[in-house]
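Taking the form predicted alone, here's one chain by itself in structure tokens.
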């Protein structure tokens, strides 16, 4: 294991700043996902930790020691890429043994360590097969075994599940977490998939345009996003933006471009300030509006669209030109919502999140 610190690291290609003075402290044995859209700088950050790229400014430290001048093969890192990069002419066992041979492990130790690694990923029975005789999921397990067998201090995984189909990818997420926790290796996992980040991580680092927007546990980042980008990228959110009119007794009123909205929640802002709020769709409660008055803090609207996704039913509700999404599991609904139905939307006060402007 190793403690990893990124101190003000920056990477510039021509006139394009890909990573812009980011700082990150990662403790021994942590599982950290670097999450963000394509082009946000997450893979470049990973490559600087690995040593494939050298920061133009700042330092990468392992256990408080700068590694800027340490070559890739001396950093004791394990890496798994999207392509797996297995040698097609070698057997599974030979692929896993390759890293040990490169690290100068005595020949007498190699067979035992190879079989131990393959057993951990449930691939021992395939030791004599070639990569082309394996499925995508099996190849990924071999790549993991090859990375773990050298007993790395730091593990770097770059979109390593993205080539798998959805069902297998979900299965491998929990399996991968088990392997990494058992190995107690400090791990960086680069992904653009929020579900993978939530499943695999102790901490999530959300990147955008070369900077870190927010760092925290999966629960912290999801339930308390800092700004619109984080709230929108990690999950779904309904946004309410305007100028604060008043706040108190669990109710906030904001003036939007077209009207005033009264919402259940609280705020630290003062009247007259520009504010931005969000609520997660699964926290929105939807009830029929027939014969009912609209409670203070609730919204009234008409169901514009319904999306059935098996275990989740999403409704898009038109609240006077403002579209609000709700989500509910099928089992929690007493009846299925109907398009065109008039409904009332509400939520508990704590679920209204104030975001940075």
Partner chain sequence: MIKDRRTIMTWPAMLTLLLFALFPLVIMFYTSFISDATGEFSMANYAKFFSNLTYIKVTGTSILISLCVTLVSLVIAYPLAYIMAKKLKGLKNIILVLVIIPFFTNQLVRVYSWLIFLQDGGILNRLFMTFGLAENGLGILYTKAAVIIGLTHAFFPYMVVTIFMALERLDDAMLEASRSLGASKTTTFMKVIFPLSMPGVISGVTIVFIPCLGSFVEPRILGGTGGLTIGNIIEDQFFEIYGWNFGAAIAFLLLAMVLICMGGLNSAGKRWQV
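Numbering follows the first chain given and starts at 1. Keep in mind that this is a model prediction, so the values were computed, not measured.
From this point on, the text means the form predicted in complex with the partner chain, which you will not see here.
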Partner proximity in the predicted complex: residue 162 to the partner chain, non-hydrogen atom cutoff 4.5 Å: no
field: in the predicted complex, residue 47 touching the partner chain (heavy atom, 4.5 Å)
entry: yes
query: Should residue 179 be classed as touching the partner chain in the predicted complex when contacts are defined as heavy atoms within 4.5 Å?
result: no
message: With the partner left out here, check for me: in the predicted complex, does some heavy atom of residue 77 sit within 4.5 Å of the partner chain?
response: yes
- line: Only one of 258 to 266, 98 to 106, 225 to 233, 276 to 284 sits within 4.5 Å of the partner chain in the predicted complex by heavy atom distance, namely 98 to 106
- line: Checking 89, 167, 122, 219 against the partner chain in the predicted complex, the residue with a non-hydrogen atom inside 4.5 angstroms turns out to be 89
- request: Would you mind picking the one in 244, 110, 251, 150 that has a heavy atom within 4.5 Å of the partner chain in the predicted complex?
  value: 150
- request: Let me know which residues along 104 to 137 have a heavy atom within 4.5 Å of the partner chain in the predicted complex, or say none if there are none.
  value: 132
